[in-house]
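We begin with a single chain expressed as structure tokens, specifically the form predicted alone.
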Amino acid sequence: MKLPTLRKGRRFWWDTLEAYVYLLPTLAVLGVFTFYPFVNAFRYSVYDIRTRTVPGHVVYVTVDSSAWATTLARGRIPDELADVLRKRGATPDDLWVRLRQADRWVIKDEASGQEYIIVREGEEIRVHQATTGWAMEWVGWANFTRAFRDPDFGKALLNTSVYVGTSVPTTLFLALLLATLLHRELRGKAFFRLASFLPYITPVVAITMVWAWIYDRNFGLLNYFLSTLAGWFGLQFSLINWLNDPRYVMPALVIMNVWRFTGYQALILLAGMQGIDREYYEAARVDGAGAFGVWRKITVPLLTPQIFFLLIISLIGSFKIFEEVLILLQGPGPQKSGLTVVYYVFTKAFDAGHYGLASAASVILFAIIFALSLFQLTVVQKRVHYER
């Protein structure tokens, strides 16, 4: 017997259309700021992309080419040209001839950063406002090969892997312990919950600047605390140069970010603990289980959905570490001990101008994160216990 096919009515399609209308602002934001850059990163990774300064629209034309050429060849700016650029908002004292070639000169306004290209064409000299031109050449997989052969990229991958492998499990373990303590009945519990969450909502720039002072070799709070602790036990302590010694740069980044994210993860785990049915604990106590046994056999297994969630988001976030390196170390650190993959992408794109190579490195980073996330979703998730 053939069952009748259920047909969706007009009401269903109107409700669906209405739902998508409400979603349009979110989809527009995702499209512009997420999907469009994401697709372009893949597209640019197969091109050798370079930028160059090219003449833009004409600002001024003069026929006094000989006098201008003589003055510009000496590295000076003709008075007539200085007057023209002054009317455009430039200050004559900030103008200088940055490039001198045959029949071509480049003048830069140091105050605004604007450049002007002067080209001699026969008896005329034309002043152009400089613009940035893009040159794209198809290179296929060459950028990926170049990235893997680059020692700096290998160093960045190693440093990032060490950071992720250290900070993620450490933060999760400490968050689990902190959540267990905050779950108990203690005086001032609300204050401690708020205090543990503050580092996460504080701007990363402010946090990093404070930790830069904490890590100071001579006046930092951390060295003072360690030296005091060593004195209590009669031990010798040498001041640690946290930010200038390659051995301690990565531990410094790990310590700062573990402190920053532990409270946030603890509150998520605490919410999970509060959702566990009390009957499980009562049954365990009837069976004579101790406090640690209850925590290990009941609390932790029933928290695996929250632990799994935190494992994924912390893994993704740790691979994208950038601001801390830029602000705390003001560079890749001594012997590039703080160089991470995202910082490598940043320097290759905006310092070296190798946009294709930077895009290829970002695609490789995406592939690594995607593979690890897929592994967790297909393998690790099987060990997650969902309360029925």
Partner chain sequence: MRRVAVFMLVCALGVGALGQVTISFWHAMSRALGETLTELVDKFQEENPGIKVDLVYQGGYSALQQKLIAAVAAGEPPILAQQYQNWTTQWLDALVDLDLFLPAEIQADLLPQFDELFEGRMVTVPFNKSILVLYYRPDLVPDPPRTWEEFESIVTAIGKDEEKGVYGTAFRPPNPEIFLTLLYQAGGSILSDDWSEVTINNPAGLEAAEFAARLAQYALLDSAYTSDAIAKGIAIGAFIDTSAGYTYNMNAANAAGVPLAVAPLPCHDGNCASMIQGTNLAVFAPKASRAQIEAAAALIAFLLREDNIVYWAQKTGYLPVTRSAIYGDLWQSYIAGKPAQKVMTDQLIAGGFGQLLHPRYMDMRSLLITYWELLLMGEDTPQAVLDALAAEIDAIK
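Predicted model, so just to flag it, every value in this text is computed and none were measured. What we label the rigid core is the largest C-alpha set whose atoms superpose within 1.5 Å from one form to the other. Residue numbers count along the first chain shown, from 1.
Unshown form predicted in complex with the partner chain; subsequent notes refer to it.
- Remark: of stretches 137 to 145, 162 to 170, 215 to 223, 182 to 190, the one touching the partner chain in the model of the complex is 215 to 223 (heavy atom within 4.5 Å).
- Although the partner is absent here, Ala352 lies within 4.5 Å of the partner chain in the model of the complex, judged by heavy atoms.
- Proximity of Arg104 to the partner chain in the model of the complex: non-hydrogen atoms within 4.5 Å are present.
- Interface membership of Arg98, defined by any non-hydrogen atom within 4.5 Å of the partner chain in the model of the complex, is confirmed.
- Proximity of Gly288 to the partner chain in the model of the complex: non-hydrogen atoms within 4.5 Å are absent; the residue sits far from the partner.
- The listed set Asp277, Glu110, Glu282, Glu123 contains one residue whose heavy atoms approach the partner chain in the model of the complex to within 4.5 Å, identified as Glu110.
- Of the residues given (Thr202, Thr91, Thr228, Asn244), Asn244 alone sits with a heavy atom within 4.5 Å of the partner chain in the model of the complex.
- Taking a 4.5 Å heavy atom cutoff to the partner chain in the model of the complex, the contacting residues in 50 to 65 are Thr51, Arg52, Thr53.
- Gly113 shows a C-alpha shift of 2 Å or greater between this form and the one not shown [criterion: core-superposed Cα displacement of 2 Å].
- After superposition on the rigid core, the Cα atom of Thr71 is displaced by 2 Å or more between this form and the one not shown.
- Here's the thing about Pro55 and Val139: their CA atoms end up at least 3 Å closer in the model of the complex than they are in this form.
- In the model of the complex, the Cα positions of Lys348 and Thr131 lie at least 3 Å farther from each other than in the form displayed.
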